[in-house]
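So this one's two forms of a single chain, laid out as structure tokens and tagged structure 1 and structure 2.
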Structure 1
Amino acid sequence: MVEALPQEAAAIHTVGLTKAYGGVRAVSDLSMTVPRGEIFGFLGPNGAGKTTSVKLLTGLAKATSGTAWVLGKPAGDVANRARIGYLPELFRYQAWMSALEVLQLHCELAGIPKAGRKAETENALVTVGLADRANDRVATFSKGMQQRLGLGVALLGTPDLVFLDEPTSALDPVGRKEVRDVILELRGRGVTVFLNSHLLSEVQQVCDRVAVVDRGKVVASGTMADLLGLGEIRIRVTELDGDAMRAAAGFGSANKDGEWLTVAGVTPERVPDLVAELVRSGGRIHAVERGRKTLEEIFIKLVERP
């Protein structure tokens, strides 16, 4: 059997994706792969090109150059859109409409057959926890409830891939938890979630994999464990001479404080090699500890300006 190509096997696969507006590049040479069935965090500072990237992937904007595949089809494929849900960062529903009416309207706009609309709206309301508020007007909803209603709209048609653009922005902790629970439930159902967010603590709690973009380019990507593994290793070592310090510097930024050597930027897979190199260089190892880094600390390090 022929092995599937990345663009066929992945939920999203891009190579050199670029979008320019005049002389300004909003997205520049974006290359990444999003596996199916995972929650993928797409992170970056304001102006990094996150929203533009989402527009390119959903077909709302056309790339200047490069290629992108979404669910095995070229990005923007019309027939493929029925398999994709999208919650934009800024959305508003008519205050006088009920939650059920909002969902019914979007079923019609999405071309969902009439025979299936009742089941679609009921499933969406249950999934986002609004079944008991189906007939209440949007005007009576809190921000968290409106955000969950937006998620319900994005889930109509049982999509395989859902794009969420800042789904927890402006929400209080209770509202963020409500949305987070929905996102985790989607993953449990096998749905791929592409989460564009600047709330890094939220991302750290739910995402399986992340990509950090800056100035339109991916500057780091991998599983959450991979990215958080770019932290510090603290080693209590004696008899450490200049050769051993030079060996440690080959694994990352090394600093010595008494008997403790700190090496930043070491992935978990390279820790045994680091320890072995120190021993070969004459060092005596007494303890090895991993420093605890947050996603926010890693993110700031990746995108900080000179």
Structure 2
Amino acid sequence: MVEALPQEAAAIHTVGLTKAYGGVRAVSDLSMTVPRGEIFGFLGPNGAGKTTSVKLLTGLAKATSGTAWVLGKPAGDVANRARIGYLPELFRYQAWMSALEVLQLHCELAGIPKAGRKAETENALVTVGLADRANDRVATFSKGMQQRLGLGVALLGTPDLVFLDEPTSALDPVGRKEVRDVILELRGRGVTVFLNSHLLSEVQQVCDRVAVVDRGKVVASGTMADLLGLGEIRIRVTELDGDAMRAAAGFGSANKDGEWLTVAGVTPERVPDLVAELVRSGGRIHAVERGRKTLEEIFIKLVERP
């Protein structure tokens, strides 16, 4: 069997993708692969290049150099866009239209056949909780309601890939939970979701895979488990001598604080070996626990400016 090329198999595959606005490199040499059917979290501080990356992938901006494939086609392929949903970050829909009219317009633009449009729009309105405001003008909507409408628009036409650029930034806690459920349901249907978000607890809850970008470059990426696994092991140990400390250092960067020894960067499989090594060198172990790092702590460490 011939293995499919990554650009064909993956939902998104980029090689050396770069975008410069004048002197500012918004995205710099971005290479990454997003497998199909996963929820992909794209994280980074303000101005890191997340929105720009999404614009490159949806064909709204042209790359300065590098290439990107989306659903097996070069990014920006016009016909391919019928299979992609996109919720932009900062936007307002036509204020003079009603929510229903906005959805109808996007059905038409997406090339959804006339017969299917009623079901599509009704479905979207129910999913995002705007069914009772369908005929109100967008001008009268609150920020969160606009964002809900944007999500509804992104879901039209059963896309294979959905880009959500900070979909919950204006939502109340209930709305956030609802959006999480929508995202998980999308995954259930095999849809790939590309999620830009600053709400790391949210990302931690839903994403299968994440990449962290800073100043246009990827600084960490992998499955959520990988990334959280970068955490530390904390061991309460007594009668530890210098030899044992050196032994521990062989597993990762070790630090002693009173009776607690922390070793950073130990993969889960090596924890028993680490403990055995400490016991062999005379240490008495009282407790072993995985340092419970959150995505937020890891993120801050990654992008912290010294």
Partner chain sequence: MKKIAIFAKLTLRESLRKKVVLVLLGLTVLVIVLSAVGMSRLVNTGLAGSSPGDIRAAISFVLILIMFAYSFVLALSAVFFTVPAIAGDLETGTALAILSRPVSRAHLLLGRWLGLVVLTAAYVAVASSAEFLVVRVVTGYSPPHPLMFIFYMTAETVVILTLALLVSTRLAPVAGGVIVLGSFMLAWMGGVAISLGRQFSVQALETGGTVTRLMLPSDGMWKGAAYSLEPAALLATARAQGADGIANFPFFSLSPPAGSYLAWTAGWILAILWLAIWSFNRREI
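For numbering, take structure 1's sequence and count from 1. All figures in this text were calculated on a predicted structure; none of them were measured in a lab. Superpose the two forms; the largest set of C-alphas matching within 1.5 Å is the rigid core.
Visitor: Name the structure that matches the description of the form predicted in complex with its partner chain.
Guide: That would be structure 2.
Visitor: Does S201 shift between the two structures by 2 angstroms or more at the C-alpha, the core having been superposed?
Guide: It does not, since the S201 C-alpha is displaced less than 2 Å between the two structures after the core fit.
Visitor: For K143, is the CA shift between the two structures at least 2 Å following rigid-core superposition?
Guide: Comparing forms between the two structures, the K143 CA shifts at least 2 Å.
Visitor: With both forms fitted on the core, check whether the Cα of A63 differs by 2 Å or more between the two structures.
Guide: No, because once the rigid core is superposed, the C-alpha of A63 moves less than 2 Å between the two structures.
Visitor: Provide the displacement, in Å, of the CA of E101 between the two structures, taking the core as the superposition reference.
Guide: Comparing between the two structures after core fitting, E101 shifts 3.2 Å at its C-alpha.
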